[in-house]
Ligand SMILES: Cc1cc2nc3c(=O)[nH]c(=O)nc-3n(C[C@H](O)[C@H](O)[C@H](O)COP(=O)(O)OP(=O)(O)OC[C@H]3O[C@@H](n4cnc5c(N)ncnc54)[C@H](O)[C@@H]3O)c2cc1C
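Given as structure tokens, the chain that follows is alone and in the form predicted on its own.
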Amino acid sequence: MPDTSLEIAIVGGGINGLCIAWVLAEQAHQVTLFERDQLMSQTSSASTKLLHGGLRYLETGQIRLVREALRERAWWLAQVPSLTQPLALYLPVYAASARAAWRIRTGLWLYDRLAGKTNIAPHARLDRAGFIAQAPELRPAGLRGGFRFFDGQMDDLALGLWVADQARQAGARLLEGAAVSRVSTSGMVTFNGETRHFDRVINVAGPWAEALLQQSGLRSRCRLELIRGSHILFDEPLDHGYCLQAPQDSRVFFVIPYQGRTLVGTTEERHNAQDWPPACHESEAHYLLTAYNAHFRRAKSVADIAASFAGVRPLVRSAAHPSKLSRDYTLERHDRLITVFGGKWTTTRALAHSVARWIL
């Protein structure tokens, strides 16, 4: 084993913790991961099921994040085709749309350019007749045309457990039911009443990362905003996906096929950490139904909702409005302790490699 090998503790068994464990174990470090519940049992398995660059992040100038996410999207699609696949997304433009066609076209052009040679396929502009022919489910009133582009789709739970298997094969020890109550800057980890010492500790507890520091008596310059994203599902298949603008507030939401059903999401609501586990609130279900019915010919009601779920995203606080909070990640060091704030499913490998560089 190389002289640079370290004994490293990772707190958090979501996708970020698992990817970090995988990368560090492959570098011959001795890795022990602590998860208080089951691996991938919380936020990481309650996503919108997309591997995407984040087209809407271009509106807030997050170019670096989009470029990184598009590169990582290509990696997932190429390396795990059994659990990922390209997804065609249709984006209509109506007379009343908040975003003009030229603005969307510019964003999609930049999206293609940032993806470079790894682009799934170039976007296409469709006139009104062409759009109706390819997306007959949508309401035609006021429709001026639209665009088709591609992103990736995944089974987030299965893909996360695949990463866990890679980490184990690389030598990482993954502990479930191991609740960490305290960490220290000297490398101490207290879990289930036991305390152990490590060369490095990585706090990647997602929504609980800031709380773990606080209960350990440690101050941080970062603050997390917990944002709940809720989804509803209808028991009917869908041929392709839609990237749409909600008429209530012009937010982007998705309607996509998922495991033989139609998935609609997501919302963005501030979440109280005491309200656990997160669930789709009635007001959010009505928000998604209203947004869906504004676009589709066959309206849905509450009775059509076959299932719902919600996840909580820990976003780095930087703005008054949740939709403007950064999806990027931030790392903070306290001597032997490194804390990860934020992060995005698609870019979890990039985050893991950043943490590995910080370790040394």
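Sequential numbering from 1, following the sequence displayed. Note that this is a predicted model, so its numbers are computed, not measured.
One more form of this protein, predicted together with the ligand, exists but is not displayed; see below.
Peer 1: Evaluate Thr339 for contact with the ligand in the predicted complex, applying a 4.5 angstroms cut-off between non-hydrogen atoms, and reply yes or no.
Peer 2: Contact check for Thr339: no, nothing within 4.5 Å of the ligand in the predicted complex.
Peer 1: Taking any heavy atom pair closer than or equal to 4.5 Å as contact, tell me whether Val11 reaches the ligand in the predicted complex.
Peer 2: Yes, Val11 lies within 4.5 Å of the ligand in the predicted complex.
Peer 1: Indicate whether Val312 is a 4.5 Å heavy atom neighbour of the ligand in the predicted complex.
Peer 2: Flag for Val312 set to yes.
Peer 1: Given that the ligand is not shown alongside this chain, does Leu138 nevertheless sit within 4.5 Å of it in the predicted complex, heavy atom to heavy atom?
Peer 2: Taking the distances in the predicted complex, the answer for Leu138 is no, it never comes within 4.5 Å of the ligand.
Peer 1: Heavy atoms within 4.5 Å of the ligand in the predicted complex: which of the stretches 87-95, 227-235, 100-108, 282-290 has them?
Peer 2: Of the options given, it is 227-235.
Peer 1: Is it the case in the predicted complex that Ala46, Val180 and Val204 each bring at least one heavy atom within 4.5 Å of the ligand?
Peer 2: Heavy-atom distance to the ligand in the predicted complex: all three under 4.5 Å.
Peer 1: Go through 238-276 residue by residue and record those having a heavy atom within 4.5 Å of the ligand in the predicted complex; state none if no residue qualifies.
Peer 2: Stretch hits: a single one, Thr266.
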